[in-house]
Structures are given as structure tokens and as C-alpha cells.
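The form predicted on its own is given below as one chain in C-alpha cells.
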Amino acid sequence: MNDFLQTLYTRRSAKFVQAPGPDQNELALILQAAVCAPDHGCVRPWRFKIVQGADVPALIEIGIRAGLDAGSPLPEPKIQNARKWLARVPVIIAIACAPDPRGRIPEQESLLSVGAAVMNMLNACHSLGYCGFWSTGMGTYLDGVGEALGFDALDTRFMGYLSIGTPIDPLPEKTRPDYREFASEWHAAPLGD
């Protein structure tokens, strides 16, 4: 098997990460991989905010505030869990989608492009020796969170966070399913006379 496929086959997510995280040059490589995602119509819908160091724990406070504003405060155990999670994360990339403002490309295709960009980032992290974890927690679907991170509420759709770093605990082996469980051949029906 070639090295590239081996990288794809061995990638795993790890929620609990710590320093070291990628340096600025490695972060540039990760983000450059993101913009290599398929992009119908060259919409370039990817929007990222890089959060590092002392700014990382502030993310949970944004989620807490959004929950209070929405009348659905986060339960205290969830808040404590999020604070514990973020306490050691060296880098988080907040992710949003800016669909085609002219509407020529369906929004779903831009959302898929952002998903592909995140997958590229996860693979790039793995190839550089780090782990990533895409989370839609911390108020991702609550009003005001994307805006608090600097995304335009009218032009973007906030899609969550990618945490990046070195796994705190050893990662267990992951058994992947056999692709044949999900793939089958299709054949056209014979045309009538």
C-alpha cells in the first residue's frame, strides 16, 4: 500500500488533545490543504477563524452566553466537561460556510465543500503527526455564536470547531467497516423495444 493511502486508512479523531500543536508553518500547511477541497463554481465558501493559546478557553464562555440568551442554558456538567476539554487544546479552528451570494450554486454544495475542506485538514493534521476533532458542541447551532467569533450572520453558516493537538492518551486501534457493506454496483435496466 502506498504512503498516502496508509495515511488515510490510519487517521483517527481524538477529542482530548494537548500541546504540542502545529506551529505556524504547519498550520499554514493544514489550512492550505483545506482550500484544495472540491468547490463547484469556485465559490470558495470556506471561512476559518484560528483560535490559539489563552483565547481557546473563551470559546466555552461564548457558548454559555448563547445558551442563556436562547433561554436554554447549558447544564453545569456539560459546561465543566467543555472547560476541561478546552483547558489543554493548543489550536482550534472555527469553521463556517459562506454559500454563493448569487445563488447559482446550491447551498448544499458549498456545505459539502466545507465538509471536504475539514476532512482535508484532518488528514493533513494526521500526516503531520497531530490529531484533530470536529465538534459541533459549544453552541454551534445557537444564534450569536458564529457572530461572536467574527462570522457574518447574514452571509455565513457556522459549522463548528476543529481542535488540533497531540493526543493526551494513546489512541486505540480502530476497526473500520468493509466498504462492501455500503457499496454496490448499479446497472441500467434494458431498454424496451
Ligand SMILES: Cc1cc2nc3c(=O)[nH]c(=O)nc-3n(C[C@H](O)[C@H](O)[C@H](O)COP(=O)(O)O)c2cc1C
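Everything quoted here is computed from the prediction, not taken from an experiment. Sequential numbering from 1, following the sequence displayed.
Just so you know, the form predicted together with this ligand exists too; it's not on screen, but the next bit is about it.
S.K.: Which pick from 127, 166, 52, 136 sits with a heavy atom within 4.5 Å of this ligand in the predicted bound form?
M.R.: So the residue touching this ligand in the predicted bound form, by this definition, is 136.
S.K.: When this ligand is placed as it is in the predicted bound form, which of 55-63, 32-40, 127-135, 148-156 ends up with heavy atoms within 4.5 Å of it?
M.R.: Answer to the contact question: 127-135.
S.K.: With a 4.5 Å heavy atom cut-off, would you call residue 176 a contact of this ligand in the predicted bound form?
M.R.: Heavy-atom contact with this ligand at 4.5 Å: present for residue 176.
S.K.: Taking this ligand in the predicted bound form, which residues along 4-20 bring a heavy atom to within 4.5 Å of it?
M.R.: Read in sequence order, the residues that approach this ligand (within 4.5 Å, in the predicted bound form) are 11, 12, 13.
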